[in-house]
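A single chain comes next, written as structure tokens; it is the form predicted alone.
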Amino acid sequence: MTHRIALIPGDGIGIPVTQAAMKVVEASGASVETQSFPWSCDHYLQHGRMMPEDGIETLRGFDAIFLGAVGWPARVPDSVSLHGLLLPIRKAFVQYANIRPHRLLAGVEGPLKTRDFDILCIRENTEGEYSGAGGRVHQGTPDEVAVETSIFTRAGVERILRFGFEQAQARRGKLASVTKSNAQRHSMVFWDEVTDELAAEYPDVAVTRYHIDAMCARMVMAPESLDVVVASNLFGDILTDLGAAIQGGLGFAASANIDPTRRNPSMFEPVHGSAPDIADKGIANPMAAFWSAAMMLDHLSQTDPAARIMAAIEATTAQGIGTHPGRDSTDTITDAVLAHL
């Protein structure tokens, strides 16, 4: 079966890493058709919108979406670019599970003494602290007030935790649920309660509850003790950047925004950002884009091409290519992966 992929290269280094990733996808033997959309900060400056009014409906007809990066804060505020493209896609397609794998690829040296960790972080992706509820009044005056309200629904919390339990069942049977319920006595206590309720349905999964500060420490001091980590939108955002750091940097940070029901297209993206400072230097590390592409193919049940991409990535890093930021060019890394494929 041939799958239709919508490409949104976006801004900065998103453009070259998306181009590189599609070369790798083609070489892997995957059966895909792609269509590219120029939605970006440039598009905003030309049209006043990050994407057209019918952008969501356009994307709905695809099997998956591949996003390079979005943002160019010197030209368009991040609050505009983020809320004009990335977040609307996540919410419209109910991509409530953000999945980020954290492990060291062969040949990659992380900052920790141990190499022995394989963590799957699952971040709630559509509500919580990033729900967008709130507002500002009396702007620009001494009486200005800003309110940002976190929204936690039972349906939203239960479905992300249930997804986490299912991932733990398929892996090593351990789930860590992350909150700050000692300080946030409503939303986070609620999250803890739902965790306990669901744990009874998954007796084969060992559940441990952590506060966010303790989890940050554990990811540094004892990452090998962790398997599946589930957290709210804000806490998951923080933990996954820490996860990227211990796996060698953002150049290896792959992610998937999943609708587990598969009623809507899911979106796959490297999470290193658009990096405007190196956008035209040809040194962006495309490994995270390659890994994200492999996750996309795996989600689409093209498991053999996905496995071939991951094997080629690891064979490349085992040779020391693409393992040090800025040392190897985007083309050098891409050509090495293509050679292994």
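Predicted model only: the values in this text are computed from it and were never measured. Note that residue numbering follows the sequence shown and begins at 1.
The discussion below concerns the form predicted in complex with ligand IPM, not included here.
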For this session: Answer for residue 72 alone: is it within 4.5 Å of ligand IPM in the predicted complex, judged on heavy atom distances?
Result: no
For this session: Indicate whether residue 237 is a 4.5 Å heavy atom neighbour of ligand IPM in the predicted complex.
Result: yes
Exercise. Is residue 86 close to ligand IPM in the predicted complex, meaning a heavy atom pair under 4.5 Å apart or at it?
Worked result: yes
Problem set entry | Exercise: residue 151 in contact with ligand IPM in the predicted complex, heavy atom 4.5 Å | no
Exercise. 87-95, 190-198, 137-145, 152-160: which one contacts ligand IPM in the predicted complex at 4.5 Å, heavy atom to heavy atom?
Worked result: 87-95
Exercise. Non-hydrogen atoms within 4.5 angstroms of ligand IPM in the predicted complex: do 82, 100 and 130 all have one?
Worked result: yes
